[in-house]
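Quick setup: one chain, the form predicted on its own, written in structure tokens, and binding and motion questions come after.
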Amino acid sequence: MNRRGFVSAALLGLSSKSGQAARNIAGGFVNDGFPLGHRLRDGKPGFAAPKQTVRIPAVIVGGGCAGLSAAWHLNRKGFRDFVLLEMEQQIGGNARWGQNEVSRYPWAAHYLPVANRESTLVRELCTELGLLKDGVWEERHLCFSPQERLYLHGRWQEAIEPEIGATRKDHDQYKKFDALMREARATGQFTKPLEASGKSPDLSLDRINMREWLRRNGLDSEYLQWYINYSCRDDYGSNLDTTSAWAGIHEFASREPEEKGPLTWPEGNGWIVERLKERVHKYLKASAPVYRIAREGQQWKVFTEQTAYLADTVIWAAPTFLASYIVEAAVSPKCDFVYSPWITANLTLHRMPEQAGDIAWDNVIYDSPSLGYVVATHMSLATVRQQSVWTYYWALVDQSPAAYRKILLEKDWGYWRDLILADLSRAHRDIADCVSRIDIMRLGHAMARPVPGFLGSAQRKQWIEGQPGLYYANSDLSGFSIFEEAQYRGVEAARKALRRLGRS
């Protein structure tokens, strides 16, 4: 359903009683970073000159998972003379989290897949954090059952691949698609991280979108196409038309056939962020936006309002598009990467909806414009729990990113509250009577979108190569905003920095 059709149907679907209940719900927008981002975009008005200059060998810009991973690697290698600067008050980027009287909860990234053998860095970290012991994954951190379910034709089914009402044709195409994914997996090019295989990706797949690949392979099942489209929206914030076929295949071929997990916590990947912060906290400076980076001889000068850092090397772990506005003589005067806008909401429930069924960790509504919700209290060991927090995700994909960013800025909190409740009421009719609070986070550039042609683009290669002494490390360089890529890019940039400093 297109956005206009959904909005109309959703608002009409709210009964007068539910509408009154909705108006009694508290909440608002949280973690709004766009005012500061727009100041940086618009020429940095109002930033004060630094009060002091500090000489330091290395600076990391950006405190998301890429920046934290770079700091983690430097610290593990015994290198201590660096600082990590984050513009937001809270460290973590897309893995930030929150907490209220009911539970901790994620604001974006909410799980970590069980690492394949080629994900050596992830396995090293998981071993260090006690998640992996002697090759065995710690059970208490693996997602409890039931893990996922789908609301389809008026009732819930186990798993997200549609089964209720599936025809012989649907099942035949499920099997064909699975066989094609096994063939793709056998090529060895679909790995996490991307560079782990050491093999060049098939760029002919990168030049077409996923819908065209499905057409060429005779896969026209409505159920199968919905499922693959949902997966692209979930992992990439894109759809069949805006996802390269290579990336669409990677979503499935990079998984183990019999995958355990995922690993998850009430606060999602915020759990990992907190463990990394414990290790590198003395290097972290939050609320320290970098507004300019310029060459000064053979060094780089990094400007914040409090301090200008004169560094031998800089790791740029913030989103790459921001470098075009901040780094003087950057690799490119602009960044052509495509970023998906998102809405994430945390709903505090004082009771469970009637006829909610056996609520899973991940709950999806068929043909909804949203991605459904995960349950923050799912990993609780409490035998009875009426209160909960549901984290609701909506990747805005049906219009251009620019059009959706405009909508994000124009529409008030009540507009999104009503849409969220109307969407959830399709499966939970009394949801408005169960919710006491809805907090909403707007992300205009939530994650990189692997559009056709991105993987083989010359600009992407330029950013990955970086500049003498300045190395780019955000996961958007891979096209996938996932932990495995953020960690790899951060560690790889840290390795380059150490080599430049003669500390490798």
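We number the residues from 1 along the sequence you see. These figures come from a predicted structure and were not determined experimentally.
Absent from the display: the form predicted in complex with a small molecule. The rest refers to it.
With the partner removed from view, which of 207-215, 289-297, 249-257, 171-179 is the stretch that lies within 4.5 Å of the small molecule in the predicted complex, judged by heavy atom distances?
Result for this chain: 289-297.
Among the candidate residues 115, 335, 143, 326, which is the single one with a non-hydrogen atom no more than 4.5 Å from the small molecule in the predicted complex?
Looking at the other structure, the residue within range turns out to be 326.
Answer with one of 125, 360, 364, 318: the residue that has a non-hydrogen atom within 4.5 Å of the small molecule in the predicted complex.
It is 318 that has a heavy atom within 4.5 Å of the partner.
With a cut-off of 4.5 Å between heavy atoms, is residue 427 one of the residues that contacts the small molecule in the predicted complex?
No, residue 427 sits far enough from the small molecule in the predicted complex that none of its heavy atoms falls within 4.5 Å.
So in the predicted complex, does any heavy atom of residue 238 sit within 4.5 Å of the small molecule?
Residue 238 lies outside the contact set for the small molecule.
Given that the small molecule is not shown alongside this chain, does residue 108 nevertheless sit within 4.5 Å of it in the predicted complex, heavy atom to heavy atom?
Yes, residue 108 lies within 4.5 Å of the small molecule in the predicted complex.
Although the partner isn't part of this model, could you tell me whether residue 85 comes within 4.5 Å of the small molecule in the predicted complex, counting any heavy atom of the residue?
Yes, contact at 4.5 Å.
Given the small molecule in the predicted complex, answer whether the residues 67, 475 and 486 all have a heavy atom inside 4.5 Å of it.
Spot residues vs the small molecule: full contact, yes.
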